[in-house]
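One chain comes next, on its own, written out as structure tokens in the form predicted on its own.
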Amino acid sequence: MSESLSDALDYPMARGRCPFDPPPELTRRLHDEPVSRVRIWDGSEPWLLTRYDDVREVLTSPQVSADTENAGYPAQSAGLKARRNRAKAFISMDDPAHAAQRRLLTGDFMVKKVERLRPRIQQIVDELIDDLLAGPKPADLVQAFALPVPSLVICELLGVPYADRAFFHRVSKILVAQDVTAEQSLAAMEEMLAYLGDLVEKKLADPGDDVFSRLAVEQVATGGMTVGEVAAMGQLLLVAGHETTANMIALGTAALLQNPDQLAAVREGDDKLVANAVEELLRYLTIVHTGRRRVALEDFEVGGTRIRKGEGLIAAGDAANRDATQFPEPDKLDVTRKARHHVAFGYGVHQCLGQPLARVELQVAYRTLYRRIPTLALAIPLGDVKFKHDMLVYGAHELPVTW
């Protein structure tokens, strides 16, 4: 058992030469120091958990809290801390408040409901590829394909006008940036909340067949939730609904282009293999690369280390997904691997609500893109691609491709 502070290095850590691998120091800790201290932006030193079993244990423990108002909670950035003190989404709450709000959305993201969207998602993907092929090359895959696919889908699901995408793409980019000030982050949040609040008011007056309309009619009109509460929930759904999947499409494509044998397997494989490849890419890339944050509600022990009440915890899913006890040869991209038990979507009661939708979008996007454009290739060296080291969600700012 260890209770002493280790040598605390800054977190998040710098990546090495391979843009798809976790930082080398993170990998070292996974092997040599699975529960250790790190120093984050505000000078505090939460515990970093890197081992798969420890990460899952903490994310399901009743002895920890996801509530950002608890003292000791290790916020990802000054901006995020400021925002969560202003308006919390349910992912920053504990049960029963978390469960009550999450339950309002469960039906919208159930597997059967999402599967009914698959034909429309296929249509969106096909039309975007038509436009890509008809346009100039090289082209930026992020702007031409990776970002529009989930943006169109989440807009239609929520009832957000896609014509407003320039606005919410700009604001979302600020909300997931790590290098903006608290004031810039708060200003972006206020813009988004005002926009979504107006949208909820419009849905209340003229409801349609979408999530915001349902929440307006069932919750706001009956006094169950305020317009502001629905707007805060909507901000989470809108931002998470397109940022994560867009980055997975672009980064997954970059990774497959560096592994031609794996790309060929996806291009030529059946639906089962493509679905399997999606799980492996989620594991291999783990784009939520700043860890799941928690704070201890009482003293407890994890991985042989005593955690004290009020101490912050960071569950590093990117390290856990490279744990060889769960994934043999973890640094190898193998689209035939059985990787469904990865923690790329988190774990426990806070596991990503939208994962069924993300899975279908990725399956359709990967399957269709590489079959319709079999000669797809990077238009610049991989080393020249600008990766999102500065964002809460990892990916590529741009991905120039040709064919």
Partner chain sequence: MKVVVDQSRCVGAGQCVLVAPEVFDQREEDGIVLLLEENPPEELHDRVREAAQICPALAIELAG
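Numbering follows the first chain given and starts at 1. All of these numbers come straight from a predicted model, not from anything done at the bench.
Same protein, other form: the form predicted in complex with its partner chain, not shown, and the subject of what follows.
For T222, no non-hydrogen atom is located within 4.5 Å of its partner chain in the model of the complex, even though that partner is not displayed. In the model of the complex, at least one heavy atom of M110 sits within 4.5 Å of its partner chain. A residue is said to contact a partner when one of its heavy atoms sits within 4.5 Å of a partner heavy atom; R293 fails this definition for its partner chain in the model of the complex, lying far away. Contact check for H31: no non-hydrogen atom falls within 4.5 Å of its partner chain in the model of the complex. Looking at its partner chain in the model of the complex, residues R39, G72 and Q76 place no heavy atom within 4.5 Å of it. Proximity to its partner chain in the model of the complex, defined as a heavy atom within 4.5 Å, holds among Q63, T336, S44, Q355 only for Q355.
The listed set R102, H289, K203, R84 contains one residue whose heavy atoms approach its partner chain in the model of the complex to within 4.5 Å, identified as R102.
Considering its partner chain in the model of the complex, the lone stretch of 227 to 235, 260 to 268, 149 to 157, 113 to 121 in range is 113 to 121 [heavy atom distance within 4.5 Å]. Residues R340, H341, Y347, G348, V349, Q351, Q355, P356, R359 are the ones in 340 to 359 with at least one heavy atom within 4.5 Å of its partner chain in the model of the complex, listed in sequence order.
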